[in-house]
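Consider the single chain below, provided in structure tokens and representing the form predicted alone.
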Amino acid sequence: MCDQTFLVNVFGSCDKCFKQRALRPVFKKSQQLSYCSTCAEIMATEALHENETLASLKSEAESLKGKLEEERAKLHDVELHQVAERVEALGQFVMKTRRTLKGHGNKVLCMDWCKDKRRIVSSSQDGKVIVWDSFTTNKEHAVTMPCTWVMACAYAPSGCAIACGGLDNKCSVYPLTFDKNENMAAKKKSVAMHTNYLSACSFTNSDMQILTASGDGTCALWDVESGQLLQSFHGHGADVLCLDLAPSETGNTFVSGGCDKKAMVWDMRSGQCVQAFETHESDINSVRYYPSGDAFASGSDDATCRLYDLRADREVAIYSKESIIFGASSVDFSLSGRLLFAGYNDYTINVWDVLKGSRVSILFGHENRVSTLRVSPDGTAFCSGSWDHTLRVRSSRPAWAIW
């Protein structure tokens, strides 16, 4: 989202010419260096063979991309909605707001569920990170960050810690205790450090490792205890805005999306990009794996959501309507994978039938753009956060039937 994208120029001494200039990160034999733009261009041309230019290499890369698309098209024999014609259509259903969480003083930017299906962590432009009891709407913990625009937060799998970060370029981990009077800030552990803002974070399948995405164009895997960088992921050409870990317990892949309009699937063991998709026409604000792990959805500023099948290595569905002209900021699947929930900048949440590609419901209630949305771990409810400073927990069943 352009409203949440910040360009930060780092000024300092260039590692090659030693002049004080705006710097950019350059990786040489896995070592990160800080070069000015002039030295970075010189370094790129030093590796060229005779009669090669950057323009000719770019042209060759585009030609190879075209050939790959042709090979993909040969295997494209049928559309998803055609296969789904024999599937029974979904009936009408109503999802009502069961709880409204109020307490943030500015835009809610991110939220995550605890595995206990009850607690929620949220972060806001007001610099606050709040842990909520979604049953009672009580605030259990609150942390004031050293900066505003806390753009990322995540619950640890054990439920005993939270992670958050934003314009401070860091990912900080806070342990949670039952002692209400304990000073959480005193136990803060700075785990990750990027050269630009932190846009997303997610624990892996344990509390000991965390994935981060940043405006510096990279993702990274960190050891929580030592703060050591375990693996870095380079390939995006602009800010990385979102990531999601594969749902399998032994999954070693994750997907990321960014301002370069690309969605990229990464192998956490090698640090390599194993698949890339570039069909969106604007920034990708959100990515989410299908429950089986065989596909993922994305939401973009181009006002569409898209479904990518990893086995077919291609886009298989687009969820859009001519009447939808605002960007999609957040997406998530229902537990079965039949529904796709998408929050939009026009204050609404659209619910899509994943198989048929049709919209089955529009949910209202927020008074400003929907910035974040997550389905609960048991699939009985979902929570949305908005620039109207609130979070709303919705379900098709009354609260007493769920909780």
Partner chain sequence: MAAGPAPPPGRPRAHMPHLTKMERVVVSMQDPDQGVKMRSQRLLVTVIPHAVTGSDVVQWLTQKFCISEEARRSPSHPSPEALHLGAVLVQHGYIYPLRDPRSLVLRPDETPYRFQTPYFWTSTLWPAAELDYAIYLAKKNIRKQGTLADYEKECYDRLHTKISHAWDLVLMQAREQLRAAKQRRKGDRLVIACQEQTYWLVNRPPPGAPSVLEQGPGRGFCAASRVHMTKSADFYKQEIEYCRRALGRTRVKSSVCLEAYLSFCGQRGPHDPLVSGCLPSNPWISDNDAYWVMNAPTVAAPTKLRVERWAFSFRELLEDPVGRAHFMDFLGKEFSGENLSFWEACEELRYGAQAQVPTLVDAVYQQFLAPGAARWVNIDSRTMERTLEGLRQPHRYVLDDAQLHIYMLMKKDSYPRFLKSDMYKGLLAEAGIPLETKKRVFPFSWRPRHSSPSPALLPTAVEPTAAGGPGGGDGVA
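Positions refer to the first chain, counted from 1. Predicted model only: the values in this text are computed from it and were never measured. Take the two forms, find the largest set of C-alpha atoms that superpose within 1.5 Å, and that set is the rigid core.
In what follows, reference is made to the form predicted in complex with the partner chain, a form of this protein that is not presented.
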{"query": "Option touching the partner chain, based on a heavy atom within 4.5 Å in the predicted bound form, out of 279, 190, 232, 282", "finding": "282"}
{"query": "Contact residue in the predicted bound form, chosen from 169, 218, 134, 202 - any heavy atom within 4.5 Å of the partner chain", "finding": "134"}
{"query": "Close approach of residue 27 to the partner chain in the predicted bound form, 4.5 Å, heavy atom", "finding": "no"}
{"query": "The partner chain contact at residue 241 in the predicted bound form, heavy atom, 4.5 Å", "finding": "yes"}
{"query": "Contact label in the predicted bound form: residue 336 to the partner chain, heavy atom within 4.5 Å", "finding": "yes"}
{"query": "Exercise: residue 346 in contact with the partner chain in the predicted bound form, heavy atom 4.5 Å", "finding": "yes"}
{"query": "Stretch 349-370: residues contacting the partner chain in the predicted bound form, 4.5 Å heavy atom cut-off", "finding": "355, 359, 362, 364, 367, 368, 369"}
{"query": "Core fit, then residue 60 C-alpha moves 2 Å or more between the shown form and the other one", "finding": "yes"}
